[in-house]
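Next comes just one chain, in C-alpha cells: the form predicted on its own.
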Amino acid sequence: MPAKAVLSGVHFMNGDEAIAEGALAAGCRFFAAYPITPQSEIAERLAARLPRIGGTFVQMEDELAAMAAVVGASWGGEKAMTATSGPGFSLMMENLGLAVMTETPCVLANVQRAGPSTGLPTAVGQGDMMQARWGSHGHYELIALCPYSPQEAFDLTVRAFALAERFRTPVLIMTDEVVGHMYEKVEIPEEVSEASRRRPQGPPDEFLPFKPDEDLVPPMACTGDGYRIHVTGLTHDERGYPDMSADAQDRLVRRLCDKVRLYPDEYTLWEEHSLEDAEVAIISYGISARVALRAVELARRKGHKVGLLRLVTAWPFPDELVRRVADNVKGLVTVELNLGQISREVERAVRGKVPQVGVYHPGGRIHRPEEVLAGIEEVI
C-alpha cells in the first residue's frame, strides 16, 4: 500500500477498511488491539499502513491491555484508537471508564456481532448499544456514532477523532458486521482537517492539569511537554491529586457529564427521509436503517405516509429530536437488531405521547423489509 496518510480518491472498500483509512486521515498514529471477528480488517489494514507513515501498531495480549495502551499513547501526545467486537468490548469497559475519568481523548470502534458471550462471531448484531452507554461503572457521558455505510464509516471516524479532542473524552464508533464487511464506493478527499489538541498556554509553574476552561474542558498537557501532570482514576482535584471527599466527587463527575451534554449541537447528527407528511415515523440506526428505508418505500407504494429518522448519534441520546418527530406523527416504529434497547430510550423521550411498536431481531441476520412493513401496519 502507498506510504501516504490520506489515500485521496475513489475506492472500493469495506466499512472496516474505511474506518482504518478515516483514522489515518484524522491523524491517528497509534493503534492497539487484539484480533477479533468482525473487526479484524481494521487491525489488518492499520498493521500494514501505520508503520509506513511513522505510526505505531501494537497487537496486545488482550483487549484490557489494548484499551490501556490507547490511554497511555494519548497521554503521550498521539491520536490513538482501538477496535473490537462482542467479548472484547466487554473487556475494554474498565479502561474505557479510566479514559472518561482521566479525560483522555481516544476512539474505540465496536463492530457489533450477535451475542451474548461468544454468540455468533461472524454474524451481525446491534446488541451492544446499552453497553456502549452504561458498560463501565459510575455515571458518565460519552459520544457514540453509528455509521450505516462504508462512506459514513470513513466520515464518522474522522468526526470521532475531532470530537474526542474537542471534548477530551472517548468517542465510540458503533458499527456492525454488515456495514463492516460491506463493500461500497468510498470517496476520500484530497485534504482532511486533523483535529487539534488544545494545549495549555500559561507558564508551567501555574498549570493545573484538570482546571477547565469556560466550556468545562481543560487544556491537555502531554508527557514531555514540560508541564507537571498527575493522572489517576481516583476522584481528583484540579491538580490531578486524589481527593476522597463527596464534594470533590460531585464537582468532578458533574463537570465530566456537563462538558458533553451541554453542547449537543456539536455532536448530534441525524438524517430524515420523507418525514414532511409522515403519519408514522421509523426510528433506526446502522444497518437496520438501510432496511427501514426500503420499508418506507414499500409502505408509500401501499399509500401509507411513512418516514424515517436515522440516528447517526446514538449517545448522548437526542431526546429533543425524537420528541419533535413524535409531535408530528400518529405512531413510531423502532427497528434494531436486539430485543429492544434504543427503543427504550425512544419510549422514555416520547413519554407515551404516541403509540410505539418495536421491530426486533436478536441478530444473526438483518431484518427483511416486509418485517418492518408489518410493524408499520401494526401502528396504522
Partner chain sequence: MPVKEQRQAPPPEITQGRHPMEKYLRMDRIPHIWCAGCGLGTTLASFLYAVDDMGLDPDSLAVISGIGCTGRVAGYVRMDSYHTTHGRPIAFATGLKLAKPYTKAVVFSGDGDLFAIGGNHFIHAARRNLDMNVICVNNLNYGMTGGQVGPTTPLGGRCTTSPYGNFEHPFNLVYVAASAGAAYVARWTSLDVRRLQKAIQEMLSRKGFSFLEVIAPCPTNYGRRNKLGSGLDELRHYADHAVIKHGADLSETDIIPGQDFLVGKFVDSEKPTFWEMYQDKVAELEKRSSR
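Since the model is a prediction, treat every value here as computed from it, not as a measurement. Residue numbers count along the first chain shown, from 1.
Below, we refer to the form predicted in complex with the partner chain, which is not included among the displayed structures.
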Item to check | Sole residue of 184, 279, 194, 78 within 4.5 Å of the partner chain in the model of the complex, by heavy atom | outcome: 78
Item to check | Sole residue of 122, 223, 118, 249 within 4.5 Å of the partner chain in the model of the complex, by heavy atom | outcome: 223
Next on the checklist: When the contact criterion is heavy atoms within 4.5 Å, does residue 95 count as touching the partner chain in the model of the complex?
Outcome noted: yes
Checklist entry - Quick one: is residue 320 in contact with the partner chain in the model of the complex, heavy atoms, 4.5 Å cut-off? => result no
Checklist entry - For residue 62, is any heavy atom within 4.5 Å of the partner chain in the model of the complex, or not? => result yes
Next on the checklist: How about residue 71 - does it come within 4.5 Å of the partner chain in the model of the complex, if we only consider non-hydrogen atoms?
Outcome noted: yes
Checklist outcome for this item: For the partner chain in the model of the complex, the stretch among 287-295, 154-162, 123-131, 234-242 with residues bearing a heavy atom within 4.5 Å is 234-242
